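In the block that follows, a single chain appears as structure tokens, in the form predicted on its own.
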């Protein structure tokens, strides 16, 4: 066991009990899982509860703009290969209240694998004293709520300075490299970076980044890509010894192979061999509904989540050549971010040739963007109307966060 394994104080026990009761009331009222309200109640009663709940755990923190929920799940599966119990916020409640609720159920666990919202990483790291921190990527997201990416990277850099945790970081993202470089113990992973539009200026000096081949460097100050010790190479993970281990996932796409590569590097920090870690990851077929294929009204609907330009770019690569119909759904509620200007950063021309139906609260914003892109589409008032507008067979449904949850409810997933 890591850290302090002393029993919880009476105050902490009361906070946990009250949090569970609040969560149960929330579930009974049909207001979701109750993890957030339960955590808020518990933290109100004991502000130090998160640190107390993590005291006996070896903790891994996972943070990024995209891929953190999936990577958290993959790491948790890999660590279960040790035979020890793992506690994790598997459904993605990644702010302190949700994390507190998750850890409250892990009194018998050895490991805690915790997804953390980018804004809260430094604070959560101070509370839970992690053994490892995985940093995947940083890109524009929720422009009305989140800081500019360079500012987020600076917060990470300041918060992780001098951390005792091993930091497993993506060597292909200059913002992540700059943030992680303040840490004394970094394992660099060549996980790739498809979306580069947030990393053309040097985070260190503001100079223009040069990108010859797979490398990158700043011509002004010399800041450059570090040499990775782990790498994604096609369908294999290359470990620090140069051995190649096959990646066999049920989850689709290059991005998930990158997530698996980082997860293997994290698992190795806990003594789990790459072959065993990757074998365990095969059991993950979907993550909180993402990538599920649901039968509904004679159609087979694959549910894909994309929340920002980088996520949409990766998601487009999963879609087969035309003519598979595509449903696009965009909302702009609190959990999504109310600013939809990011739609103009997505190259929707990549969907040309697919029959497209557009739904969601901001369907007209998306319709204007598609019109400008020269892509044919149909605006529908509901998910049910869009599904019935598509012929029987396979449908690809891409939605941002709350639109994704709306769609899951319609198709009964």
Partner chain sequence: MSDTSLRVVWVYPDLLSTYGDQGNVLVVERRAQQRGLDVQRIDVRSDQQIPTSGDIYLIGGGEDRPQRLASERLVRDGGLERAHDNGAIIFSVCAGYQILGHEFVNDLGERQPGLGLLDVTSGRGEDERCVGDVLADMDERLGLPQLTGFENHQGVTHLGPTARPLARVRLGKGNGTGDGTEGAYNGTVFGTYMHGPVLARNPLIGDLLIKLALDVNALPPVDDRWYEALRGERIASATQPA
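Positions refer to the first chain, counted from 1. Keep in mind that this is a model prediction, so the values were computed, not measured.
Absent from the display: the form predicted in complex with its partner chain. The rest refers to it.
Heavy atoms of no residue among 98, 181 and 240 are located within 4.5 Å of its partner chain in the predicted complex.
The single contact residue among 249, 319, 209, 109, judged by any heavy atom lying within 4.5 Å of its partner chain in the predicted complex, is 209.
Residue in contact with its partner chain in the predicted complex (any heavy atom within 4.5 Å), chosen from 283, 185, 338, 161: 338. Within this chain, residue 368 lines the site of its partner chain in the predicted complex, having a heavy atom no more than 4.5 Å away. In the predicted complex, none of the heavy atoms of residue 353 sits within 4.5 Å of a heavy atom of its partner chain. Remark: residue 374 counts among the residues lining its partner chain in the predicted complex, judged by a heavy atom distance of 4.5 Å or less. Taking non-hydrogen atoms only, residue 148 approaches its partner chain to within 4.5 angstroms in the predicted complex. Of the candidate stretches 310-318, 231-239, 292-300, 339-347, only 339-347 has residues with heavy atoms within 4.5 Å of its partner chain in the predicted complex. Along 196-213, a non-hydrogen atom within 4.5 Å of its partner chain in the predicted complex is carried by 200, 201, 202, 203, 204, 205, 206, 207, 208, 209, 210, in order along the sequence.
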